[in-house]
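Heads up, the chain below is alone and in the form predicted alone; it's given as structure tokens.
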């Protein structure tokens, strides 16, 4: 078994932020991004956690991500915000978007934020959860670099194009649903390819559109959408909302989140927040709690997110683990600054 290093969340955040600052990222942007990656790791979303640090740092050094970008927000309508991430990391732009959106929604009852010139936004659930904790129902979508074909096609046109939903609860943590529209994350196929392992049939298609268990062939082809034609249709919907509607770079043209080659990805995110009390005439809380109780009363049924909270508590209590090899690379990067 490979050796690991255990860190508290605070020490992990400081280490990752230092690595980013050493890679030409402003202190504010480094801290925002580090917090997001560490939170993802604590939630068990390891594909959005420590594994992203070296790629993010390399992209900042190369200028594929502008480490000193300062996001800007403008009011595009009475209840519509337009957020320019400035080709920087997505997290500072989304920090700004969520704060402004929460305040605006309390005034208007419903509001939206369109984010463009952005980057990988990690686990979408974290962003809608912030809005849900502010008492709002929230939906978020994001487009990502090409990975899936339109149904029946063979060329990658859509990303995994995730969707997230957050809803406040009385006396409980918010309900958070976060899912990508591919059957499996591209990162799992990349990991299998690096290990020289086959992947299960049904995960991906090769460049000719044929089912494949060869991870290398899958990376040259497309991912299978979750739910078949329905998943592909949802990916199209997200593409329209997150790219066409925001003015962002479409998935088919966006550069990779995993390497430092090429121009900034310039993808988009779109968020909608609703005041549930205003929308329901004051009946939201009772109605949702009755629904939640009905679900939890079923044997074997549970609301999404239960395991996430358990993992968070374990991370706070026991800290987070990182491979010694990755820790050494991140620490060396941080010390180089």
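Numbering follows the first chain given and starts at 1. The structure presented is a predicted model; accordingly, all values stated were derived computationally and were not measured.
What comes next is about the form predicted together with a further copy of the same chain, which is not displayed.
The closest non-hydrogen atom of residue 244 lies within 4.5 Å of a further copy of the same chain in the model of the complex.
Among residues of the shown chain, residue 270 is one whose heavy atoms approach a further copy of the same chain to within 4.5 Å in the model of the complex. In the model of the complex, at least one heavy atom of residue 82 sits within 4.5 Å of a heavy atom of a further copy of the same chain. For the chain shown alone, residue 78 is a contact residue for a further copy of the same chain in the model of the complex, at least one non-hydrogen atom being within 4.5 angstroms. If you check a further copy of the same chain in the model of the complex, you find a heavy atom from every one of 109, 179 and 288 within 4.5 Å. Interface residue among 192, 260, 73, 175 relative to a further copy of the same chain in the model of the complex, by the heavy atom within 4.5 Å criterion: 175. The partner is absent here, but in the model of the complex a heavy atom of 236, alone among 199, 134, 217, 236, sits within 4.5 Å of a further copy of the same chain. Partner contacts here mean any heavy atom within 4.5 Å of a further copy of the same chain in the model of the complex, and among 308-316, 280-288, 29-37, 63-71 they occur only in 280-288.
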